[in-house]
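This document opens with one chain alone, in structure tokens, the form predicted on its own.
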């Protein structure tokens, strides 16, 4: 198995109702990633696209529709999708293209255009529920997330104010991200007084509906060293899928995320993640999910993540910076592109190219994680200098 490096990254702005098509967004992110790597299309041997159901872009056969924008024309091209976990799974899919020896380079693209749906993408999500035992309840993903958040709070005796600190932190971090959709200086009181959606979930607990794309360029070791003296290595990948019947699981803990993390840690030879992972970009479509996932990737004890947040450990200048990019809560959440944005952030942070977002401590290894579908998919990638 060959070593695989990330040698370039790029992303578009994340916004609601972008005028650009999905093709154009894919092209912009791909072009930036190639420019970052110093490559042209002739240097790309394969393309992997990550993108959500056709309904989001409002087109049929969406993978084929996006192909030329992502640079996949006349090249080996594949599309992967595992819900919100896609953004991290797509570079994992690109990794095995190169690690296997099949290709020397792979352009990895995550794209989403959620805006075309009227009035909200929740109507597309509704179709994923079991038609017999779930849809009659009138269930939505937000409805389930509120149950999960409440269960997490009940088991660990966590206050809403402690969870709101995550939104405050991430939106503040996003103030330094040039692509951010909803950065802001807010307070816990702002979160607590924001519009109720499905209690305890409130407006400022939730990431926005977004359009956008992100891309990374992967290369084998010998090719990577031709383009850069400072490659960032993918040293661990992991994924896991639990049962789709979320009613059969205790929602207080994401076991599927833990299994994905353990898979990645075994590959990376990480046996003490709290000592060996310097910073993390964990999936935060809701503020409580950052805490949930921080525990799932074993960077906090069960129920221990709120204290880390309260104590400032997860701040950009803390001992374990979490979502220094601003995360989904601040930068935005174009589903299949959101995790890829986090992989881009790992690349920029590890290269010391994150600008005002650069974490204060020296960093040698980072982790990106995403989560999706019916509270069942975990995807994890670790990268190091």
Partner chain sequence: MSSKIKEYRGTEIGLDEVKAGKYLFTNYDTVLRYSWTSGVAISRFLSGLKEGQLWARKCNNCGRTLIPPRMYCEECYRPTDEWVRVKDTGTVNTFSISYVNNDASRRKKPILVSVIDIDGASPGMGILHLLGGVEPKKVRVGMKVKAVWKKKSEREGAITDIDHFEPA
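Numbering follows the first chain given and starts at 1. Computed from a prediction, not measured in an experiment: that's the story for all the values here.
There is also a form predicted together with the partner chain; it is not shown, and the following applies to it.
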- Contact with the partner chain in the model of the complex, heavy atom within 4.5 Å, among 158, 186, 313, 179 goes to 179
- Message: If the cut-off is 4.5 angstroms on heavy atoms, which of these, 76, 304, 138, 101, is the one near the partner chain in the model of the complex?
- Response: 138
- Message: Considering non-hydrogen atoms and a 4.5 Å limit, does the partner chain approach residue 36 in the model of the complex?
- Response: yes
- Might residue 373 be said to contact the partner chain in the model of the complex, defining contact as any heavy atom within 4.5 Å? no
- Heavy atoms within 4.5 Å of the partner chain in the model of the complex: does residue 65 have any? no
- Message: in the model of the complex, does residue 263 come within 4.5 Å of the partner chain, counting heavy atoms only?
- Response: no
- Task: Among 218-226, 237-245, 265-273, 76-84, mark the stretch whose residues have heavy atoms within 4.5 Å of the partner chain in the model of the complex.
- Result: 237-245
- Hey, with the partner chain in the model of the complex, do 40, 93 and 361 all fall inside the 4.5 Å heavy atom range? no
- Item | Heavy atom within 4.5 Å of the partner chain in the model of the complex - qualifying residues of 138-160 | 138, 139, 140, 142, 143, 146, 147, 150, 151, 154
